[in-house]
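One chain comes next, on its own, written as structure tokens: the form predicted on its own.
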């Protein structure tokens, strides 16, 4: 199970040194201090006293509306701090969807990008309605051409298709397996071993696919990597690594496998020639667990910079540097607390999926979940 955060528990623990507040309580002093301490350098000038006062009032409205409508609010690691704070759970896309699936709720408000809401809806089916504050796209999803995939499948009728969880529902429905950034190599290995001799298409992220290949024993000639990428991660190249480690030579590197530098960095690490100290290729949830248990006190984090708010807050005794302050996803930041409030009040944006597409996507996800 993913390491998701219980926001209400955080609130209670934080106030043990003062007055114990109610689970739904939101305090200006806490938000103002936390947002500026843990994210002030990420969102420079955003969290002024006046703006945080406004956020606190909206946050209280959000909590009240969520309680009235029986909504389970969840937020992805890359969301603004205020959205993470009002959410009952914070984590990565699959972990949040799995969490939602375990809860007997009739409504979910998912703060993330659109494919994440689709994944949640795919898993919960008709049992719950899924809403989102906005309808953010995703550059990785937009790199997918369904006709191109159909053409490849027609040319390779016995082949196997593996899709990253960060894809739209239609692509998932066209796939034999789904994978995450944590288990991509494991799923690739399983698919190759159980389908000997068959070609494999890994899509859409070419960097994740290359890392999965390097971490498996699968014959590279059997695998076609789709030429897609997340525009934020793709920009994180070796120049960013060099600059970061010139500044922080003793830091450990926590690198998401979607990063543009990941393949070259992995090759250098494997050969023992990496100039970047200790390098780890991790999903966002693995980054948190590694930081909690590592003996290191300083880290350079190679993923969307919003992840640092959670890392810094949950592991306060250690130091986290973004590999680049420019590693921000404008799609993730389309969601705001104001939009979440409006969605809760007016049921603005509901995620719906064609039943046939949902059935196909669900089968591919379930096939992944059976791999151990």
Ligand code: 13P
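As the structure is a prediction and not an experimental result, all values here were calculated from the model. Numbering follows the first chain given and starts at 1.
FYI, the form predicted in complex with 1,3-dihydroxyacetonephosphate isn't displayed, but the following is about it.
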TODO: Report yes if any heavy atom of residue 115 sits within 4.5 Å of a heavy atom of 1,3-dihydroxyacetonephosphate in the predicted bound form; otherwise report no.
DONE: yes
Task: Contact test in the predicted bound form: residue 233 vs 1,3-dihydroxyacetonephosphate, heavy atoms, 4.5 Å - done: yes
Task: Non-hydrogen atom contact residue 164 with 1,3-dihydroxyacetonephosphate in the predicted bound form at 4.5 angstroms - done: yes
- [ ] Using the partner position in the predicted bound form, report whether residue 121 sits within 4.5 Å of 1,3-dihydroxyacetonephosphate, counting heavy atoms only.
- [x] no
Open item on the list: Partner absent here, but in the predicted bound form, which of 213 to 221, 280 to 288, 154 to 162, 194 to 202 has residues with a heavy atom within 4.5 Å of 1,3-dihydroxyacetonephosphate?
Closed with: 280 to 288
- [ ] Heavy atom within 4.5 Å of 1,3-dihydroxyacetonephosphate in the predicted bound form: which of 168, 258, 252, 109 fits that? Just give me the one.
- [x] 258
TODO: Work out which of 71, 93, 175, 84 lies within 4.5 Å of 1,3-dihydroxyacetonephosphate in the predicted bound form, going by heavy atoms.
DONE: 93
TODO: Could you list the residues in 42 to 79 that come within 4.5 Å of 1,3-dihydroxyacetonephosphate in the predicted bound form, counting only heavy atoms and keeping sequence order?
DONE: 76, 78
